[in-house]
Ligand SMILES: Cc1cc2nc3c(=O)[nH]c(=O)nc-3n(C[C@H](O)[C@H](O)[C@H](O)COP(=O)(O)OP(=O)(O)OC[C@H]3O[C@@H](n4cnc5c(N)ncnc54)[C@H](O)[C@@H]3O)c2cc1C
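Heads up, the chain below is alone and in the form predicted alone; it's given as structure tokens.
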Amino acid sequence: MKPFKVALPGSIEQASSLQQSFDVPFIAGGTDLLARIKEYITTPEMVVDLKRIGGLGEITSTDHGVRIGALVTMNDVATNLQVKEGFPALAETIGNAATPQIRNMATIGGNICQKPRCWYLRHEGYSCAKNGGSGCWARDGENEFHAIFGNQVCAMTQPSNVAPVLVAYGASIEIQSSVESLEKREVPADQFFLTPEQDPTREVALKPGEMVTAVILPAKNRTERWSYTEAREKQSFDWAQASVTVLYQRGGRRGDHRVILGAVSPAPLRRADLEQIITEGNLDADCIQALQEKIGEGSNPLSQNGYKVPMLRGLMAKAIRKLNDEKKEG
């Protein structure tokens, strides 16, 4: 690992100024960045440590919803009572992610800003659209875990397991900078995660000097019936190969459903066509069959990841059955 300096700013303004002036990365839990540094994927001269900045490690609840500071650990999010009661899909998703050791280190801000797990991107010998070159090695190479939707420019998948759930809940990402004109802003989660068509070099809507300061979950979208299902190659520490998030009658509003697919596209993929089927159906066998027939439409499987289409069909059926189980229990 190449030696590097560590800056310890005491405020968001100082951290932002350092990052922008020296073009260096932020570090919080370090579960992603340190791994990339050790593997010489990135070799910064300095990193900006955010852990001494006050006010970023708290979870607060108001009538408008729950605000989760960017430095709150994943474990603290998953075990927080307000999150578990108001936004259980998020708590369960995080609770099943990674390992207890990593959940106690990783932060929610770092999770949504982590870099893709594409092995071509994480190998110094390959130049591609994602790291400033052109083309996508995965399209004609080893692509078992890559995207089956939106993979024309780059076949990476969004690695954050909480990203689809945040999009489903209509969360906002609070962003702050030292630049006066961009001092603070909120970006809807479905606009925060970028696709390669929007910008192949970025995964999230952060500009130089900007940092995530909080994730805001709106109270109006608290939902009693929900499901999150995913499949992994192994149940221990691993990333999802595909996931399905369903919120049924979001916020108690009839017909307001969300179906978000994860780990099959460069950004969380909302499927309004599947939501319409749920609106028109009775969550019975016919509804499940219609969803399964529809879910693969628009996909473009590569040479080694076509299995993700039937995997999504199975996860979709499991998600609807879970909704029915919740109704029986209620």
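In this text, residue numbers run from 1 along the sequence as written. All figures in this text were calculated on a predicted structure; none of them were measured in a lab.
Not pictured, yet referred to below: the form predicted together with the ligand.
Residue contact check for G29: one or more of its heavy atoms lie within 4.5 Å of the ligand in the model of the complex. In the model of the complex, no heavy atom of I277 sits within 4.5 Å of the ligand. Although the partner is absent here, N161 sits close enough that one of its heavy atoms falls within 4.5 Å of the ligand in the model of the complex. Using a 4.5 Å cutoff between non-hydrogen atoms, P25 counts as a contact of the ligand in the model of the complex. If you check the ligand in the model of the complex, you find a heavy atom from every one of I102, T107 and Q114 within 4.5 Å. Across the options 254 to 262, 69 to 77, 83 to 91, 218 to 226, residues that bring heavy atoms within 4.5 Å of the ligand in the model of the complex belong to 69 to 77. Checking A171, A242, I148, V212 against the ligand in the model of the complex, a heavy atom within 4.5 Å turns up for just one residue: V212.
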